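Only one chain is given next, in structure tokens, and it is the form predicted alone.
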């Protein structure tokens, strides 16, 4: 079992070679554009496009499965709850107080697909941008270095803590720890040894990280920080930057014209 799970996937694709600031702008504009529309077909097309972009970056399939598993509760509960609590339009089927309407179901599916697309857009940025570039891009746009470093450390160590927890659970189960039998509170008490081991390991990791940052003089005042690898825009970055801005304003025009605003229809009705 691996305890060091990194969100970043090292590849040499064209998306990896883009400037981190361009990818961050893509995340912001694409997420904002998805909030302008409510059409189910538009959301599905955006989701397919993001999946194709991730595939072009040569991200392993298990990473995509990992994200889909994390989004599974959203995909299940939002359409059901939307149909139950926000029925509208012609009724297709009635079961007691619950009315199934195609319009409400399409709205729920559209919201779920929008959240899926936004999640994959964010993970596209994380899958193809290493922590060093994330910090540099945030600093370049004016964020304090310490804030960017906190984000990069979080992205690096939160998955590591998840892997550490799984490793401790498997180790305790190999020592005959029973986590399945008994009531809820008994199963909760059975996880106390796991909690103690994880907390101790997390404190050790935090201490090592603090010593490493201290050795690199983090937070030292009066010193100009230098970088071995700085970010520089290339011609490809400028072309994509212009394409992003033109595409976003084109979508805004479609929204003003009333296209893709209905959950089931492209043109205004």
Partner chain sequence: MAPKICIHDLEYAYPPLTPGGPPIPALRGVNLHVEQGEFLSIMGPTGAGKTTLCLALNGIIPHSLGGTFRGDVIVGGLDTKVQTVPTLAARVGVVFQDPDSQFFTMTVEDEVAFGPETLGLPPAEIRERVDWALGVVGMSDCRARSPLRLSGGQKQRVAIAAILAMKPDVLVLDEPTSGLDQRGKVEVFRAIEELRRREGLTILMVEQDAEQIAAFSDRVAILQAGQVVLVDTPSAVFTQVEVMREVGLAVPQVSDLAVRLNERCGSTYTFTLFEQAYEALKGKRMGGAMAGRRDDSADERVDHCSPILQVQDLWYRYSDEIVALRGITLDIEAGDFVAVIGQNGSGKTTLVKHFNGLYRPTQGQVLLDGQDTRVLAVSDLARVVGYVFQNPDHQIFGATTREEIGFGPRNLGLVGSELEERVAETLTYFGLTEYADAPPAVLGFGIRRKIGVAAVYAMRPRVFVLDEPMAGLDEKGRLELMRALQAMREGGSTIIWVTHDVKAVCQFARRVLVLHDGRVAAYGDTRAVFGAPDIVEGAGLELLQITRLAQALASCGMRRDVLTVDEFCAAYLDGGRERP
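Numbering follows the first chain given and starts at 1. So that the term is clear: the rigid core is the largest set of C-alpha atoms that superpose within 1.5 Å between two forms. Computed from a prediction, not measured in an experiment: that's the story for all the values here.
Absent from the display: the form predicted together with the partner chain. The rest refers to it.
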property: Candidate stretches 77-85, 170-178, 119-127, 104-112, one within 4.5 Å of the partner chain in the model of the complex by heavy atom; result: 170-178
property: In the model of the complex, the residue from 61, 69, 235, 208 that sits within 4.5 Å of the partner chain by heavy atoms; result: 208
property: In the model of the complex, the one of 242, 220, 203, 65 near the partner chain [non-hydrogen atom within 4.5 angstroms]; result: 220
property: Proximity of residue 226 to the partner chain in the model of the complex, heavy atoms at 4.5 Å; result: yes
property: Distance check, residue 137 to the partner chain in the model of the complex, heavy atom within 4.5 Å; result: no
property: 4.5 Å heavy atom contact, residue 132 to the partner chain in the model of the complex; result: yes
property: The partner chain contact at residue 182 in the model of the complex, heavy atom, 4.5 Å; result: no
property: In the model of the complex: members of 144-162 within 4.5 Å of the partner chain, any heavy atom; result: 149, 152, 153, 156, 157
property: Residue 159 C-alpha relocation of at least 2 Å between this form and the one not shown, rigid core basis; result: yes
property: Residue shift check between this form and the one not shown, rigid core fit, residue 87 Cα at least 2 Å; result: no
property: Residue 172: Cα shift of 2 Å or greater between this form and the one not shown (core-aligned); result: yes
